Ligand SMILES: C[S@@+](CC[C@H](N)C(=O)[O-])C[C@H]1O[C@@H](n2cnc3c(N)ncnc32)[C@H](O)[C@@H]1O
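As a starting point, one isolated chain is supplied in structure tokens, in the form predicted on its own.
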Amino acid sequence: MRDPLVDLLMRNGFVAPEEEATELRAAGGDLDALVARRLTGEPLAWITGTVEFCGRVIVVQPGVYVPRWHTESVAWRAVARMPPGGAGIDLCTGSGAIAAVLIAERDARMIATDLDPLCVACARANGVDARVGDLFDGETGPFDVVTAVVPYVPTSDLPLLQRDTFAFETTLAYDGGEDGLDLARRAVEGARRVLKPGGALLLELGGRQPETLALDGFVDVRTILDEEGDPRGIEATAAPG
């Protein structure tokens, strides 16, 4: 017998209806009310309260950017570059997902910043030392690793995103300026100041951006690929002083 909830989600265009039906049922509470929220396009993680990221359950409160699966490739490269017990800073932290993974996997001493107090509160709920701030905002390091999922969508491309994106999420999490690299350039500039020699900068980016972002002062620059071979960011090493 066919599952009516799966059929409903499928008819409304959800690409993983079986998985979503399972998560909605597991969330508890009034299932009809939860489904009604999902049918409006509200992010599933806001409804269930969590998302899986790098094999960990991350708390995601309503209003907070939901970590995507493709960010996992950036997070795992950060894990590979972080020495045990090392220090790092995660910029534009959102839910604190990357920082939480580094704490769990490498016992790292992480600081995280975000402009949005909702995100800072959520990151703290995930065990991250998060502060309201603009990128580095007074943090001087030195750090072994700098990570960031900065907004990187060119302003002119914002209308091309999924139609209901800004019915719920804020442009603050997406708008990267004219070419999408405004925040990325500032992250690179700040990372030059706070990284230890040989430390790693890991930024999520999109499309051909990893090829166009200037990285003076860094060596061994590599494009981070996801499991499907698509570019998802850059990894760069701070040059010796």
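Sequential numbering from 1, following the sequence displayed. Small disclaimer: the values here were computed from a predicted structure and weren't measured.
FYI, the form predicted in complex with the named molecule isn't displayed, but the following is about it.
- Checking Cys119, Met82, Val146, Val101 against the named molecule in the model of the complex, a heavy atom within 4.5 Å turns up for just one residue: Cys119.
- Although the partner is absent from the chain shown here, none of Gly88, Gly141 and Ala200 has a heavy atom within 4.5 Å of the named molecule in the model of the complex.
- The named molecule in the model of the complex is approached by Pro151, whose closest heavy atom lies within 4.5 angstroms of it.
- By the criterion of a heavy atom within 4.5 Å, Cys92 is counted among the residues contacting the named molecule in the model of the complex.
- Looking at Leu115, you'd find a heavy atom of it within 4.5 angstroms of the named molecule in the model of the complex.
- Not displayed here, the named molecule is approached by Leu135 to within 4.5 Å at the level of heavy atoms in the model of the complex.
- This chain is displayed without the named molecule, yet in the model of the complex the stretch 67-75 from 154-162, 103-111, 67-75, 121-129 comes within 4.5 Å of it by heavy atoms.
- Residues Leu172, Ala173, Leu183, Arg186 are the ones in 169-194 with at least one heavy atom within 4.5 Å of the named molecule in the model of the complex, listed in sequence order.
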